[in-house]
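This document opens with one chain alone, in structure tokens, the form predicted on its own.
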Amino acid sequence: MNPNPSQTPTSEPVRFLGCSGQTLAFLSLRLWLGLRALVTGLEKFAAKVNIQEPLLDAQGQPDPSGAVVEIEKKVYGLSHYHAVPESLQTKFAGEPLLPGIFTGPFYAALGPILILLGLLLLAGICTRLSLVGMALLYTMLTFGLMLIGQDQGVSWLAIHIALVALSLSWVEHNRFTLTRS
């Protein structure tokens, strides 16, 4: 029973780890966008290679005949770097509004920039600036895909840009950062 009926009880919003709903929403977006950029950048250094390994018997020992099997394995390395698939590079090369003087440096920087932006966002370093950089990068990628008529890729990138824009509108709820900006 309320001892003072003239006052209505106020209810505090439920918090998780001291975070408001807006903070948790922003942290969810920051985590997703950071991981998305980081993994996308790392995958640009990945390749599948075929390696030969000895055929093992039922006890896990190499087969006495010396037989080998070929196994496809995913590996990462600087020598495997590819910014965009060859088929897209070919289409971009035929586009007069994308001169090679710009695409070459863009291809060289794309993977490292994605990794850097992902790490900055995950660590909460210069979050607002990282989000702006991410928006610019996704806009440049969208521009290229618009020119070669890749509407599906444009749609996917539009979703990314919408998430970045939403993050920028909620950036004042940012917490758990290494820098304040």
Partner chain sequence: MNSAQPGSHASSPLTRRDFLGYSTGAALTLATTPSLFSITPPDGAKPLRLALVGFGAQGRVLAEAIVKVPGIQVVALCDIWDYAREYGRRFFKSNGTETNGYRDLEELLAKEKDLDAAIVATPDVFHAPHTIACLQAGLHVYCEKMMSNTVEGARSMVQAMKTTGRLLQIGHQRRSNPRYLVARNRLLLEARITGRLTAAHAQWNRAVSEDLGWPKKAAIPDDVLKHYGFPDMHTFRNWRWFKKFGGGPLSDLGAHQIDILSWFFDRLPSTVIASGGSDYYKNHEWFDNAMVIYEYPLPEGTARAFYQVQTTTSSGGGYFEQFMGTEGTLKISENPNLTVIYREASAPSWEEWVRKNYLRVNAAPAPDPDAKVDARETAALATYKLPVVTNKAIHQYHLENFFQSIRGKATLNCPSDEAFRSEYPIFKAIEAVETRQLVQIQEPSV
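Numbering follows the first chain given and starts at 1. If you're wondering where the values come from, they're calculated on a predicted model, not measured in any experiment.
We do not show the form predicted in complex with the partner chain, though everything after this point is about it.
- Look at 23 to 31, 150 to 158, 119 to 127, 47 to 55: in the predicted complex, residues with non-hydrogen atoms within 4.5 angstroms of the partner chain sit in 47 to 55.
- Only one of L42, L136, L35, A67 comes within 4.5 Å of the partner chain in the predicted complex through a heavy atom, and that residue is A67.
- Residue in contact with the partner chain in the predicted complex (any heavy atom within 4.5 Å), chosen from V75, A93, I71, A109: I71.
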